[in-house]
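This document starts with one chain, in the form predicted alone, laid out as C-alpha cells.
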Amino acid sequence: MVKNDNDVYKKVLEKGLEQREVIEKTVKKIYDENKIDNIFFVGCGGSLAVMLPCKYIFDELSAITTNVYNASEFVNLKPRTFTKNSLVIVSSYSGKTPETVEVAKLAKEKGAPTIGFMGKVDSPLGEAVDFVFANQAETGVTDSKIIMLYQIIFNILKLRGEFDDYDGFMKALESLPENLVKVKETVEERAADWAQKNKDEEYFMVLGSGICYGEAYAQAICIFEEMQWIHAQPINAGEYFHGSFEIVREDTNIIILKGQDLSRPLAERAETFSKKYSNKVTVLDTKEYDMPGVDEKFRGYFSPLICSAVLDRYSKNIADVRNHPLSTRKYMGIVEY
C-alpha cells in the first residue's frame, strides 16, 4: 500500500476554500463591468476534464449558454458565439500550455473578461488573463480547482437569480477537506487490493455520465494512458450501448463511475449489463461514502470530488505496484510535438 499524502491534500483543499472572498469580488466585478451572454471553459487534458462538471451544472440550473473546448480547437475554430460579451475561463497547471495561453490572448484582443487557473501566478498564462487563481502543490490540485470553480459558478448563478441556497452550498463546500480525507482513508485497503489485481492489465474501459464524465475522461487519458502507458477508453455511459459494449467479454476490465446526479440511471444501466457479461467490473458509487455537512440535495454536485479522491488512491497504488511513477513520460515535455 502506497503511503498517503492526506495532510498535504487537506491543506491544498483548504487553500482553495480560502479564495472565496477574492472569488466573490472577482465575479461581481466581472458582472458589474461586462454584459455576459455566454461562458467558455477552455483547457487541455486534465485541465479540460476538470471543467466538464461546470457545464453540467449550468445546463441543469441556468439559462445561460456554456461551452467546453479543447484549447487548440478553440484557437482554430474561433466560435462565432465568442464575443466581447463572453466570459472565458481557462486552465493549465503549468501555466505554459501554448494553445491555452493563446486562448487568453484571443480573449484579450476580443475584449472578453478572462479567469485563469494555474500552479504559479508568474507564468505565461498568469500574465495573459485578467484574474488569476493559483494553487501549486504535489497533490490535490484538481480537487482544489473544482472547489474554486464551484465558488465561481455558484456565484454566477446567485447573481443571475438562478440559485437560492448559495450560503448553504458554500457551507457544504467547507466540509470537503475533512470529508474527502476520510473518503481516501476508507478506500486505502480497497485501492491497494485493486492495484495488485490489475497491475498487469493492458486495457480499461472507464465509464461515466453527466457530472462524472469528466472524471472518467481524465482517468482514461491522463492516468492510464499518459501516466501509466496503459490503453484505456473513456466512454459516456449513455453512449456505451451504441458501440463500445459490443467488445465486452468476460475478461474486459471495466470501471464505472456512479454519481448521485440526474444521470445516475445511465450508470446503473451500464452496470447491470457489464456485470452480466464481464467478470472484471469495478463500480465506484459515490453513494457509499459519508459526507457529513452536505445536504442530500447537493450530493450530486459533489460526486466528481468523491470520484477524484477515490481514483487518486487507486492511481497511486497501481503506479506503485507497477513501478511506473505517475510522473514518467516518453514524449510530453520531452520531444517536440
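Just count from 1 along the sequence shown to find any residue number. Remember, it's a predicted structure, so these values are computed and weren't measured experimentally.
What comes next is about the form predicted in complex with a further copy of the same chain, which does not appear here.
None of Asn198, Asn85, Ser244, Thr186 but one reaches within 4.5 angstroms of a further copy of the same chain in the model of the complex through a heavy atom, and that residue is Ser244. Highlighted residues Leu13, Lys15 and Pro292: none comes within 4.5 Å of a further copy of the same chain in the model of the complex, counting any heavy atom. Using a 4.5 angstroms limit between non-hydrogen atoms, Ile255 is distant from a further copy of the same chain in the model of the complex. a further copy of the same chain in the model of the complex comes within 4.5 Å of no heavy atom belonging to Ser175.
Contact annotation for Asp285: none of its heavy atoms lies within 4.5 Å of a further copy of the same chain in the model of the complex.
At a distance threshold of 4.5 angstroms between non-hydrogen atoms, Arg329 is in contact with a further copy of the same chain in the model of the complex. Contact with a further copy of the same chain, judged by heavy atoms within 4.5 Å in the model of the complex, is confined among 175 to 183, 219 to 227, 101 to 109, 116 to 124 to 219 to 227. Residues from 244 to 283 that approach a further copy of the same chain in the model of the complex with a non-hydrogen atom closer than or equal to 4.5 Å are Ser244, Phe245, Glu246, Ile247, Val248, Arg249, Leu262, Ser263, Pro265, Leu266, Arg269, Phe273, Tyr277, in the order they occur in the chain.
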